[in-house]
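Listed next as structure tokens is one chain, alone, in the form predicted on its own.
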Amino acid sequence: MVSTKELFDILLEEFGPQNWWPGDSDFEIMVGAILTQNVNWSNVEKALDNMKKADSLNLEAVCEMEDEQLEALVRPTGFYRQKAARLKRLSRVILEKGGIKYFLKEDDLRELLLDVKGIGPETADSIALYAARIPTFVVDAYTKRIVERFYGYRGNYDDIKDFFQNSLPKDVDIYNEYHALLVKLGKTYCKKTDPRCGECPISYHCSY
């Protein structure tokens, strides 16, 4: 069986570095992690562009603006009322902790994020990994699908997270790149329906 490290090397050779997570600031990364829930990244980019044009892609602006205004800006991402509310709740927590610089250095950052209504493990880990550079593996729908098909392994979020973290060096850059590569594989070949197994770079080793 191909190890998780060997799988990483195969994917990196096939796709090259993915340069994740896109964002000009830690706050933009955090906003993107919330807005990308249940939507394609292209829609998130539209919402982020709306916020930039409105000069509202910053902590204070999100906290101060009217709910309806923020909802209109993030509307392209769907579930815009819920996502706007999550952004406001998170922004207020960050301000209470003294700002982004201090919030991201909190020892219990992941727990603080999970305490914010609407933020689940995947979003919390995305923020911890990409904004705070904490070595925590992000598990999304692509990862679950690939692990189940490639390794024949089924598990919940924490099971799959441990599956990777227990077999890889505890390294932010590896976790970062690995997550991005799995997303690339899932979008390109290992699709939910009609997977392109015959063209997939890992098909020779796959148990699916």
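Because the structure is predicted, anything quoted here is derived from the model rather than measured. Note that residue numbering follows the sequence shown and begins at 1.
If you look for the form predicted in complex with the DNA, you will not find it shown, but the lines that follow are about it.
Site residues Phe15, Tyr175 and Tyr208 are none of them in contact with the DNA in the predicted complex, judged by any heavy atom within 4.5 Å. In the predicted complex, the DNA stays beyond 4.5 Å of every heavy atom belonging to Pro135. Not displayed here, the DNA is approached by Glu122 to within 4.5 Å at the level of heavy atoms in the predicted complex.
Asn40 belongs to the set of residues with a heavy atom inside 4.5 Å of the DNA in the predicted complex. The shortest heavy atom separation between Ala141 and the DNA in the predicted complex is within 4.5 Å. Out of the listed residues Arg75, Lys97, Lys88, Arg110, Arg75 is the one that sits within 4.5 Å of the DNA in the predicted complex by at least one heavy atom. Scanning 79 to 103 for heavy atoms within 4.5 Å of the DNA in the predicted complex gives Phe79, Tyr80, Arg81, Gln82, Arg86 in sequence order.
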